[in-house]
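A lone chain, given as structure tokens: the form predicted on its own.
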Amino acid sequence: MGAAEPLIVIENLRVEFAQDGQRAIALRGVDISLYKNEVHGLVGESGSGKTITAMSIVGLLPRQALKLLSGSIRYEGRELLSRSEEELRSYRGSKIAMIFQEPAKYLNPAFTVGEQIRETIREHMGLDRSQANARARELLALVGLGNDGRVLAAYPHELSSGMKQRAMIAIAISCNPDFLIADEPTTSLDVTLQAQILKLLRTLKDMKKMGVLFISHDLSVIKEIADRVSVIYAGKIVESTSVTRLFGHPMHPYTRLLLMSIPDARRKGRRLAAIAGQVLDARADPQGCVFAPRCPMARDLCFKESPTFIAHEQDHMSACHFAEEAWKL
């Protein structure tokens, strides 16, 4: 599990985008502590801010439209938000790496897999071509793509979806990062390939003692791979605890409703549970709880005052005025 001190600490991160006089609030208060040798799941509906959180950590958000309202992101105690692009580039790959959604979009079709892995290695590790090539072969073998050179010489279009994802993982871990961000890495894969990728990420985490931020909208996947989970809604972390506590004793109504919406063979023939209403408009900035308009437990206080993100027993954090009642839903 996590070390005594977190590797990355995100505190009260609030971000908005502004263009042509319009604004969209992307993050409304993200608080997460991320540790080495731990898989931390970040789960929520599409558009909830999962990828924006990840992009904020590695400094890949478009700065021309970005406005940082508040917050801090510290890596080993050092602030990342105030660093220049050149300084952030030295962190990417060597200290913090990222696996993006849909690898076909991020693997350059004009270059072989080997060339793309070698480029990353030579940029961050200073190895010569021969050393980088040997390292690339080693990495492909590590992620289950063999070491006979065929994948090394292949172009992305010659690989299956699962092979592309493994190649992306090889690139991400090529420089032995301390922390790996996996953004929906199994979304486009069938269940067999999904299971293989999850097993691979777990194996690599254990082998290299990396921290992993695993982003997904699928609670069943999170349950399988995560040690700890944070639930995000409308750009705000509403609950964070161990995976066992989250699935056994959720303390936020949104989490509880998400869990109730998971398909279950024991409820065959019954309509799936759904969360009523619409996700909060990105332009809105309510003074109360962001989930209040959809919450079956909401009371007057919920619309007037934003709940504080506080700790309950066993390091269980939630942002709900009536957290102790949520599990009864």
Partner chain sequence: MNLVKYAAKRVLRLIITLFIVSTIIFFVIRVIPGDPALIIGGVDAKPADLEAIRARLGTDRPLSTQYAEFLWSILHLDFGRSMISDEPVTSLILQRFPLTLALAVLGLLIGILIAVPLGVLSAVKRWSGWDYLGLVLSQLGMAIPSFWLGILLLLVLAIRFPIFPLFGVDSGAGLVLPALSLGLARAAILLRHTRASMIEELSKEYIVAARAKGLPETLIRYKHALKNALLPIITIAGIEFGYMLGGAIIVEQVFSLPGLGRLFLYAIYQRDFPLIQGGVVFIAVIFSVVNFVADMLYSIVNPKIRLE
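From a predicted model like this one, the values you see are computed outputs, not experimental measurements. Positions refer to the first chain, counted from 1.
One more form of this protein should be noted, the form predicted together with the partner chain, which is absent from this view; the next part is about it.
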Of 120, 186, 230, 255, the one that lies within 4.5 Å of the partner chain in the predicted bound form (heavy atoms) | 120
The partner chain: the contacting residue among 131, 108, 242, 196 in the predicted bound form [heavy atom, 4.5 Å] | 108
Heavy atom to heavy atom, is residue 216 within 4.5 Å of the partner chain in the predicted bound form?
-> no
Report yes if any heavy atom of residue 155 sits within 4.5 Å of a heavy atom of the partner chain in the predicted bound form; otherwise report no.
-> yes
Should residue 260 be classed as touching the partner chain in the predicted bound form when contacts are defined as heavy atoms within 4.5 Å?
-> no
Should residue 100 be classed as touching the partner chain in the predicted bound form when contacts are defined as heavy atoms within 4.5 Å?
-> yes
Decide yes or no: are 55, 89 and 124 jointly within 4.5 Å of the partner chain in the predicted bound form, with each residue judged by its heavy atoms?
-> yes
Heavy atoms within 4.5 Å of the partner chain in the predicted bound form: which of the stretches 144-152, 68-76, 157-165, 221-229 has them?
-> 157-165
